[in-house]
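Below you will find one chain, with nothing else, as structure tokens; this is the form predicted alone, and questions on how it binds or moves follow later.
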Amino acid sequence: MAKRLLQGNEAVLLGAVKAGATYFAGYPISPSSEILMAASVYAASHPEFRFLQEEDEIASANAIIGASLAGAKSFTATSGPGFSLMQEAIGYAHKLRVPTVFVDVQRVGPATGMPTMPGQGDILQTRYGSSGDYTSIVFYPSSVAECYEYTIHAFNCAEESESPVILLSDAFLGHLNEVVDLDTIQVPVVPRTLEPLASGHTRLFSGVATYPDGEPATADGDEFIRQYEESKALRLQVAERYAFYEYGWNKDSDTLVIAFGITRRIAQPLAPYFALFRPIRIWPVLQDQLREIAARYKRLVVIEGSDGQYASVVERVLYRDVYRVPLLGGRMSLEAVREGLDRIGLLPRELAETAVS
């Protein structure tokens, strides 16, 4: 495949296909709809790939769970309000240990919010959106090529961890067009090992706490803890093999910028003045890597498209205060970054003079 101009949302679909996905169910919602449309077009010429446009996001989430249990690598794509509607199904998939992928192309919320404007306000929801305790694995690319690459990783990680994995994007990244050569991105594909339904033995699929033989265990705390710790240990073990991050820019600076997804691209002009830590695996938090790198710097600045969601995580992990540059209301731009740095007294003089000129 030669170099081609590709959109971020289209790259997600191609990454899913490369990972072996054969089932997509979804409901159109900005700014993720191109993934649904691309899946529809692909299914029309590839009968082995099944496509279902559902009546809403609740049905879509449950459809991909069922498809995965039936033997297909499956996924859906949504945004904001749709992702909120999927939370109960995501918790159900965690309980049943179902490998599947949820793509959340973020926009400004809450509620309907600003449907065509980028945001990063779903960071905490990807970790704590459903009820109860569970271990989320979440990736967030920052380029069109990475949308393709980390979609494959998301499917691989779902298979290995026996859990739903979330791929984050946003309105800018999903609609970004870049020239890419997908042949240069080589990611081995993890095959499906989970036996499908009707494989010759009894399996139970219940959101209720049960013993392995299917008897209810709703009053047995020891059994609940055993199953929870088993699932948690597996997911944390698998996540360690996907500890993706970027550390760069001016490492000799005394200030470390933490940015992810599209904000890392927006903040690129800061490269001569600050060091950069970009988490790609958002959850579980890259706490060992973050602690080691952050210890080298006098100041930490988190630039993100929310009112401090990831900044609060960094403070909890590091036990130290961080400077915050929230990019709100869809104002994810270099101008907004400059204004934010100026407010906290950390705008480099050269950037200030460039803004004035």
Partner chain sequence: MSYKDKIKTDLFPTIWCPGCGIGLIMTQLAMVMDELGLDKSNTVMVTGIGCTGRMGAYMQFDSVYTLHGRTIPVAEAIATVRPELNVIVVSGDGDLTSIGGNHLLHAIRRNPRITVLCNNNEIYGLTGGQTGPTTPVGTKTVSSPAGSVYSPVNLQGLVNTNANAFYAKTTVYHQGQLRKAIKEAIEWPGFSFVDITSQCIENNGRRIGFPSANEMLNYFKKEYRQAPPGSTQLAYHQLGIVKGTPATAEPVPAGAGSGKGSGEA
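Numbering follows the first chain given and starts at 1. Remember, it's a predicted structure, so these values are computed and weren't measured experimentally.
Quick note: we don't show the form predicted in complex with the partner chain, though the next part is all about it.
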query	finding
Single option in Asp183, Asp213, Asp252, Asp222 placed near the partner chain in the model of the complex, where near means a heavy atom within 4.5 Å	Asp213
Interface residue in the model of the complex among Val189, Leu204, Ala271, Val285, criterion: non-hydrogen atom within 4.5 angstroms of the partner chain	Leu204
Interface membership of Glu55, the partner chain in the model of the complex, 4.5 Å heavy atom rule	yes
4.5 Å heavy atom contact, Ala89 to the partner chain in the model of the complex	yes
Non-hydrogen atom contact Gly66 with the partner chain in the model of the complex at 4.5 angstroms	yes
Distance check, Ala198 to the partner chain in the model of the complex, heavy atom within 4.5 Å	yes
Per-stretch contact check against the partner chain in the model of the complex, the hit in 287 to 295, 323 to 331, 301 to 309, 55 to 63 (non-hydrogen atom, 4.5 angstroms)	55 to 63
Heavy atom distance at most 4.5 Å to the partner chain in the model of the complex, all of Tyr23, Arg50 and Ala70	yes
